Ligand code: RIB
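As a starting point, one isolated chain is supplied in structure tokens, in the form predicted on its own.
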């Protein structure tokens, strides 16, 4: 019997409730090996994101090191968005008390050193603004060209945004960084917001059941309680976990059913479309564009979304 090699991954994140759900999923998966977690400011401050990451990893029994990265976007210009997960990003329930602390090495150097030591083997799972990735590219593009693949929970996919009607939060927080990442030239798999729609939501009744379950289930249900309040305010009594959906696309080999090869272009000009990523589909002729640029992303367009919640809880109960 041939056993497939584990994906060697670095998770780059701005950990709030959905990032924590994704970290725990990866930590308990037998298909990936988390070499390290790099954090950037986004959902919460840099220091809070690090503490949240450490707490989630420790709960999952994972000792992967955590590295501090960017405190501000590439341009230095902050795009203000409020955290739907509360001030600490984890439900404001006083559940973040990790024993560990971040490493002294910075995130950018850690990413570059790890890729140099493992050329063609490292996959980066980007769950937040990609400032750390862009800074690593700017510091040593040649080394970053040796990344095997980047998995990005970013963009609205082919649906609506959440930061604005057309822009997704992670991209909106640092669109110039996302543009740098797309233009690197390594394979990128994008999991957009349209992959995190109603079949993947955990409704209020299921959250109440989770509160009676394992320690991990209780942790996630508590960490997302402010998100539930926000969603209910919009008439949706359920929480969405886009980062966990994105991680599922990597850790469950059969979860993704269809991807579409595209050329992705990130809008960085000021205005209403800032942070929007436009996807031009391979093989599709647009009236004003007989030929599009070289395809640089595979966009996940179909997955076993109806199975997501049950699969996730099965992992959290184990």
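Being a predicted model, the structure only gives us computed values, none of them experimental. Numbering follows the first chain given and starts at 1.
A second form of this protein, the form predicted together with the ligand, is not displayed here; the remarks below concern that form.
- request: Tell me the stretch among 235 to 243, 115 to 123, 98 to 106, 218 to 226 that has any heavy atom within 4.5 angstroms of the ligand in the predicted complex.
  value: Going through the listed ranges, the match is 235 to 243.
Close approach of residue 168 to the ligand in the predicted complex, 4.5 Å, heavy atom
Residue 168: contacts the ligand in the predicted complex.
Query - Contact label in the predicted complex: residue 151 to the ligand, heavy atom within 4.5 Å - result: Answer no; every heavy atom of residue 151 is more than 4.5 Å from the ligand in the predicted complex.
Using a 4.5 Å heavy atom cut-off, state whether residue 110 contacts the ligand in the predicted complex.
No, residue 110 sits far enough from the ligand in the predicted complex that none of its heavy atoms falls within 4.5 Å.
*asked:* Residue-level contact is defined here as any heavy atom of the residue lying within 4.5 Å of the ligand in the predicted complex; does residue 144 satisfy this criterion?
replied: Contact check for residue 144: no, nothing within 4.5 Å of the ligand in the predicted complex.
Option touching the ligand, based on a heavy atom within 4.5 Å in the predicted complex, out of 210, 175, 182, 193:
Partner contact (heavy atom, 4.5 Å) among the options: 193.
request  = Counting only non-hydrogen atoms and a 4.5 Å cut-off, give the residues of 254 to 277 close to the ligand in the predicted complex.
outcome  = Heavy-atom contacts within 4.5 Å come from no residue here.
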